[in-house]
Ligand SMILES: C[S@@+](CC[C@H](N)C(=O)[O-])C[C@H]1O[C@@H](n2cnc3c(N)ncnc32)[C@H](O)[C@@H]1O
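One chain comes next, on its own, written out as structure tokens in the form predicted on its own.
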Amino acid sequence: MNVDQRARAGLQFLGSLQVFSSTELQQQAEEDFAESDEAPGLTQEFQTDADRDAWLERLAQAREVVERSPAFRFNRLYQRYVAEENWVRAITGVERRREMFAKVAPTPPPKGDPRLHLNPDLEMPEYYQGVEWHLQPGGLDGYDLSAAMAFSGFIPYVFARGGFAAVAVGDNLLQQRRDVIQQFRSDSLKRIYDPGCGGSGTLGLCRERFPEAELIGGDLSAQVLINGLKFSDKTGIPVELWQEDARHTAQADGSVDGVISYALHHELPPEVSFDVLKEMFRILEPGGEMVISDPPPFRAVGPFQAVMLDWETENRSEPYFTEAGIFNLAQAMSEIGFVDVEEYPLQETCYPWVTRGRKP
């Protein structure tokens, strides 16, 4: 099943524009920055951590220099255009074949299905309300055929090509998730929890390394959980999914031995991130591990890349991206009580960036 040729052509154009913007234009913009008088001093300054106010000042100084480059301004124009038009092309493509896609659209299972625990009375957190994440119209629950829009629309033609946010052109997103899962020290996890599990893709890949593990996920969005159950049905990978706030899960104290968190914390304000880490510490058994993958913090990248990441906050409906770049996940884990805390990149571009620790 696929969107029609008109939609495919539009999406393929967007994917190509994104690649061009993130290779030739970005390379020129980075060269322009490197040739500026301010580049050496800013680069040295970015190599040390600082408090929030200092980071905001550094970003403002770097942004002023980077934005002088015409290549950068065109790069950002095209990035914003692709980010908006993505949804226009994908949604209209699905709508032209609505009858076909609606026949196979994921639907809620019968009440009482032990695999899915929806909570219609769940109060959405204030930080989550009204956000059209990644510029998606209506947010994550704003379109009833969101699975078709993603997997037959923007994922294969735009998203999979890379060249946005921290993802480099040509990155293999599926393999990156596999690589993150390899960062668990243990080879025999029995029960794994994924906060902000989305459509269960990360849990599905956990199955490859931990074939006997029980897989549990939680998310605020009912729609993505329903999509996740459909994924489970199609792949035969059993999951148990909960509609819940990752700060207050239904899991008992010490009931899991692994927590995998993939691309969640940059969607959270720092105080929420801290509370999620505390909750994951609670549900982990002694010796249990938590592995986090997210875009790199500003202290791990140079000023040019930091400006690129900071841009996401105002321009791609990522309201907490800047705060996440400042927030020190490793330090927070240590404060909460995790031990053997480490942070490191999995490739030269610093993405995926991994932070991991163990409950003593």
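This one's a predicted model, so the numbers in the text were calculated from it and none came from an experiment. Residue numbers here begin at 1 and follow the sequence given.
The form predicted in complex with this ligand is left out here; the points below concern that form.
**Prompt:** Contact between residue 264 and this ligand in the predicted complex at 4.5 Å, heavy atoms?
**Reply:** Although this ligand is absent here, residue 264 would touch it in the predicted complex, with heavy atoms inside 4.5 Å.
Check: Could you tell me if residue 270 has a non-hydrogen atom within 4.5 Å of this ligand in the predicted complex?
Finding: Because no heavy atom of residue 270 falls inside 4.5 Å of this ligand in the predicted complex, the answer is no.
**Prompt:** Is there any non-hydrogen atom of residue 244 lying within 4.5 Å of this ligand in the predicted complex?
**Reply:** Contact check for residue 244: yes, within 4.5 Å of this ligand in the predicted complex.
Exercise: residue 221 in contact with this ligand in the predicted complex, heavy atom 4.5 Å: Because a heavy atom of residue 221 falls inside 4.5 Å of this ligand in the predicted complex, the answer is yes.
With this ligand left out of view, which of 167, 140, 205, 150 would have a heavy atom within 4.5 Å of it in the predicted complex?
Of the listed residues, the single hit is 140.
Let me know the one among 177, 161, 191, 230 whose heavy atoms come within 4.5 Å of this ligand in the predicted complex, would you?
When this ligand is considered in the predicted complex, the option within 4.5 Å is 177.
- prompt: Among 121-129, 151-159, 108-116, 83-91, which stretch has residues whose heavy atoms lie within 4.5 Å of this ligand in the predicted complex?
  reply: Of the options, only 121-129 has residues within 4.5 Å of the partner.
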